[in-house]
Every structure is written in structure tokens, then in C-alpha cells.
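Only one chain is given next, in C-alpha cells, and it is the form predicted on its own.
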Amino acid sequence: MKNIWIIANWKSNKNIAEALDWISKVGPNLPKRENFKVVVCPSFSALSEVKKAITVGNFPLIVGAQDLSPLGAGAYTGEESAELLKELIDLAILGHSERRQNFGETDEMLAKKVAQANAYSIIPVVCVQSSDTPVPEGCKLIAYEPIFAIGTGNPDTPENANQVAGVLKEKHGPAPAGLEVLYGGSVTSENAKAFIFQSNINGLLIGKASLDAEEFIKICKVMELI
């Protein structure tokens, strides 16, 4: 049975108190299955407290970051290096369209971030906007997030997303453990099942809908139908 990843990308939302409230609601209500991997990616300021709450509660949640530095530890003001983040996270979202659009992130910079993540055993989730988006070496987890679907309420069709995922696997799939492809873009509890049931899709990268604990739990409960 294929792995299913459900990744909550909170973006620049939730203070520490709000983050801990979310963990307390979602953590006890997650289906427990070996192939089901739920990840929460809070702001950098909440990472430590979120990690602690998950550990204390023994919840089946993985902690991720929304980005990391393309450089190592050292004199790089404002950057969060993989070497330092590895104590708190197991995964990092890299190359998100908002990083590209708002902060001028390039394919070259993304490749450096992927290399840093892999060097410290952090799983890089590389975001691509189409099957033609360059994918750095060392990627085993890709999130297809078409620009027109990000925060618009207009998701891609599950069938087209599945087709794109298939092309991505054909182009970049010869990694030792195989490539896994997620879908991201206006995901809700109403359309989650249709995407997850597609043969080439291994899960979801969720933005806005992940902020609401109850909505996120509904999305995760789709696993009980598989």
C-alpha cells in the first residue's frame, strides 16, 4: 500500500498559544496507520514548543519547517540552517511558489537548500508548479502546486493532478526508494478524497484548510476510507 502524506503548511499564521491549541485538538484524533504520515509545519518561532507538545502527547505527528537556509551554520544573519533545525524537524518544504514569487527564490538556490536538507537527514519536499519545473537531485518527495490553485479556492482536477504526478514520476522517479508526489492547492475536506484516491498521488500539501483543526481532522479521516 502506498504511503499517504498529509502536510499542514501554516505559512505566517498562529502564535505559540494557537499552535499548541491546534496540536491538542488534532494530535489525539489522527488515524494511526504505518503508511499514514501527518506533518505540521509551523512558523520558526513555534517550532520548539510544537515539537515539545507532540513529544509529550506522544502524538503521531511529524514536525517540519516551511523553509531552511541554502547555507550552513555561521555568519548568515536571519537564516535558519539545516544543521541547527535538525534537532527540531524531520522535513522541510522547499521552493514553494510564494518563496519564488515574494522572495525571488531561484532554482539554483533551491538546489542548495535540498543539498543542505539531505546532508542533515531532513526530508526535502520540493514544490513544483508543473511537470516542467526543474527538480534538484536528491529529491524523493515532490509537491505539485499549480499557481492558479494556490489560495484561490480553484483546485486542479484530481484527474489532471494525477496525470502531472505520473509525468513527474516518469521523469524523476528512478531514485532508490522511488519518487512520491503530493498535490497542493485549495485542498479541502470535500475534495481531499478525490485527490488521495488517484493512483499517482501520495498525499496532500495543505495551506489554508490546515489552519482549522476540525477541517484538518476531517481531511485526515479520509484515510479511514482507504
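Everything numeric here is computed off the predicted structure, so don't read it as measured data. Heads up: residue numbers just count along the shown sequence, starting at 1.
The same protein also has a form predicted in complex with a small molecule, omitted here; what follows describes it.
- Exactly one of the stretches 101 to 109, 118 to 126, 148 to 156, 72 to 80 approaches the small molecule in the predicted bound form with heavy atoms within 4.5 Å, and it is 148 to 156.
- Checked against the small molecule in the predicted bound form, the candidates 189, 163, 186, 43 yield a single residue with a heavy atom inside 4.5 Å, and that residue is 186.
- In the predicted bound form, no heavy atom of residue 23 sits within 4.5 Å of the small molecule.
- The small molecule in the predicted bound form comes within 4.5 Å of no heavy atom belonging to residue 202.
- Among heavy atoms of residue 11, some come within 4.5 Å of the small molecule in the predicted bound form.
- Taking non-hydrogen atoms only, residue 96 approaches the small molecule to within 4.5 angstroms in the predicted bound form.
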